[in-house]
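A single chain comes next, written as structure tokens; it is the form predicted on its own.
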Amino acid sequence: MAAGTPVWSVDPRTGKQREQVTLEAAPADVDAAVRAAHAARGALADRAARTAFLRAAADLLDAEAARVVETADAETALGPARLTGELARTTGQLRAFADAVDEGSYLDIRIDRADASLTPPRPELRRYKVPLGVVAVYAASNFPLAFSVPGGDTASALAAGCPVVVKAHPDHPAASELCASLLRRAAAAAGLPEAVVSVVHGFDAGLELIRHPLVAAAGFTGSVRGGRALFDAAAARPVPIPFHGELGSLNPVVVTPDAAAERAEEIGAGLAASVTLGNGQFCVKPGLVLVPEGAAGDRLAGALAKALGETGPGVLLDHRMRDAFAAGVAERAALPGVTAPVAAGAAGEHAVGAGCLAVPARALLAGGPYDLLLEECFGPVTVLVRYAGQDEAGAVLDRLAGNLSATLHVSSAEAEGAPGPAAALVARVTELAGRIVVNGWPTGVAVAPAQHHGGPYPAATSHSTSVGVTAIERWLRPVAYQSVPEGLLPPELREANPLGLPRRVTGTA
């Protein structure tokens, strides 16, 4: 659409327009936003102001929680309970990044003393990390708060000292504008220019943003197709920039025969809950589940079918996604040998029904049209792959691309290290995914220092995480200072350590 086109907030429960929020950004609007952000980057060098800003943003979002949740629910249909939890996650991570900036280890300060006795002699070296510059953030559809305007990419970039220009997602423009206004109020309250955060709307604006010469890095959460187009554009610039994209994931699950024999019904019910959480719109939804053939596997499949059959229809984020889900399920179900124990797809004019598909592993291994089953289908459906033995299960895993998560369900004896396929499976799926889950479910990604939300391509375009405080590392670059006089060093690297920052020192004075 052309710049100046109205941007509407739409109710996915009815398909009707709610309100005109703004206009799509013209190239001049994008340029102005980026240049203002670039001009404001110096103000973010003040670490105390940054932490005050991040905490003020969290406080304002919490204070306006009722309005934020109501606005986001009206244009996503995700429900007040889910969005209230998502808002708590969002404000929690803002405060966590503020704490990380206060503590200072993210700067990774390293000092090597000069040592003339080494061969070759070592000069004095002092190293830390500096912010990259303006970061472009592409908001996700399925998390209007935690992966959108006030979300993890924005919070981590601001914590690193990088101004942010967010390309809002068209599914929640009103929530995006509301959250942006709160972030800008927080910036002003902390004595920072409001331009450290801005929002643009429109497909063309997103392309202008990734190509802008003052944009230094980008973060994206969305589809493989959209993310790859932006990734390629970032690489094709006269000066390529880092592009940290989360693109798509099948999130395989493997159930061992002993686990199925031990607790088939429990696993089946848990799988149904994970597949339908958020109407199947989580990036870590289990989309391919390897279940053994035989009676125990049949019991598991039956428990899954029962739980899915008791799940009511749900509304997806927009009607385009609803139509794509229905078409995707129908195309997969039409493949020879694929059955639908519980039919998924359209359920009335605005909703979809949850379900599952089943296919023998030997059919999937034939490739060809069955490769469609190895692609993510966004919505409440999963594919059961019935395997005859460990070798067949391994052959299916060998066909998978990179994933955000991989889950194993093993028996209590296997969990204690008893002989069986469990240990080999852990090693095998480690090659496929960024997070390995055993006897749990991948939906629900804890915001914690040890978390990793990423994985081999196409799960992500880099080896960084987009969740947890180490996400700040994406927006920093190291600089070493060699034999620089004390008075010319940045305060962070001076011998007296006036800022009291953690540092690693080697050698002697």
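Note that residue numbering follows the sequence shown and begins at 1. Computed from a predicted structure; not experimentally measured.
As for the form predicted together with another copy of the chain, it is not shown, yet the points below apply to it.
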Problem set entry | Every residue of Pro238, Tyr457 and Val479 near another copy of the chain in the predicted bound form, heavy atom within 4.5 Å | yes
Exercise. Counting only non-hydrogen atoms and a 4.5 angstroms cut-off, does Val30 reach another copy of the chain in the predicted bound form?
Worked result: no
Problem set entry | Residue contact check: Pro498 to another copy of the chain in the predicted bound form, 4.5 Å heavy atom | no
Exercise. Taking heavy atoms only, is Val469 within 4.5 angstroms of another copy of the chain in the predicted bound form?
Worked result: yes
Exercise. Does another copy of the chain come within 4.5 Å of any heavy atom of Arg41 in the predicted bound form?
Worked result: yes
Problem set entry | Partner-facing stretch of 65-73, 45-53, 440-448, 22-30, counted where any non-hydrogen atom is within 4.5 angstroms of another copy of the chain in the predicted bound form | 440-448
For this session: With another copy of the chain left out of view, choose which of Ala347, Met321, Ile111, Ala358 has a non-hydrogen atom within 4.5 angstroms of it in the predicted bound form.
Result: Ile111
Seminar exercise, completed: Among Arg82, Arg386, Arg122, Arg211, just one has a heavy atom within 4.5 Å of another copy of the chain in the predicted bound form, namely Arg122
Exercise. Considering only 410-431, what residues come within 4.5 Å of another copy of the chain in the predicted bound form, judged by heavy atoms?
Worked result: Val410, Glu414, Ala415, Ala422, Ala423, Val426, Thr430, Glu431
